[in-house]
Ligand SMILES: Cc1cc2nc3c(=O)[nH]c(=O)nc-3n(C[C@H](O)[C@H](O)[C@H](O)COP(=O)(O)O)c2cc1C
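One chain is shown next in structure tokens, namely the form predicted alone.
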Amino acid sequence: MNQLIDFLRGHASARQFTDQTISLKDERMILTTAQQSPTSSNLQGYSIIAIREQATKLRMSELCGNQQHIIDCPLFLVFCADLYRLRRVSERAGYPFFGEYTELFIVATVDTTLAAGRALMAAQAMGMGGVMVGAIRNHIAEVSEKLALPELVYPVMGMSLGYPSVEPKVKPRISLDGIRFAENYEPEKIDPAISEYDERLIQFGHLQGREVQPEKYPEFKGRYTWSEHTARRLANTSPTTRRPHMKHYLKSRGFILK
């Protein structure tokens, strides 16, 4: 198989890092590679905050549920959807700007996500590892204040980067039969794919010790499968899971007003 395909199929999240630093040269290589990711109409609707100061990483960890890898990693990146820069472009040219429309919010969010994925791949190709941090949205207003983000900029995800101290395991995914459909959506393929994946993930051992809110389900005696884990995750009422503040936060920042 093509070496690049092998590399892409070998993705695994790394959360434990050595003490080795990431040079500014290597950081620049990662981020300039990320810049070559696809972007809608070449708008490049994102910005990236690079964090190396230990005190700032500590604060980010606190705001992200005290995740230790944020403190331990030599480089923590925050990927932000950014319409502020595009508004500046419009203002300089003397044109109106319609950043309050949901479509531009989607464009910026997708651009940001594509760039983040490319950055992680670049780091992995350079012998590093990392993990995406969605918990950057747990206390998103506080994160935004700490990073001095202006209106029309919001943090989509964080990323801890470093040199892995242990080799991360590649986690199995749902069978392609449950993901890929021919010509139209095929709901009948979903249940068999989920059942097969439940068995495969149990064998992988990924869910051991990772039960979601076990105190809420003391009567549960069945096998703890991916389905059980995922259903509990989606039923979780914790504010850091549902993040009910997001709609108000985004509107307060000038997003999705129309």
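Heads up: residue numbers just count along the shown sequence, starting at 1. What you see is a predicted model, and the numbers here were worked out from it, not measured in a lab.
Another form, the form predicted in complex with the ligand, is not on view; read the next lines as being about it.
For the options Leu77, Ala81, Ala123, Val133, the one in contact with the ligand in the model of the complex, meaning a heavy atom within 4.5 Å, is Val133. By the criterion of a heavy atom within 4.5 Å, Ala12 is counted among the residues contacting the ligand in the model of the complex. Contact annotation for Leu86: none of its heavy atoms lies within 4.5 Å of the ligand in the model of the complex. The ligand is not drawn, but in the model of the complex it has no heavy atom within 4.5 Å of Arg92. Taking the partner from the other structure, the ligand in the model of the complex has a heavy atom within 4.5 Å of a heavy atom of Gln67.
Shown alone, this chain has one stretch from 165-173, 146-154, 184-192, 99-107 that lies within 4.5 Å of the ligand in the model of the complex by heavy atoms: 165-173.
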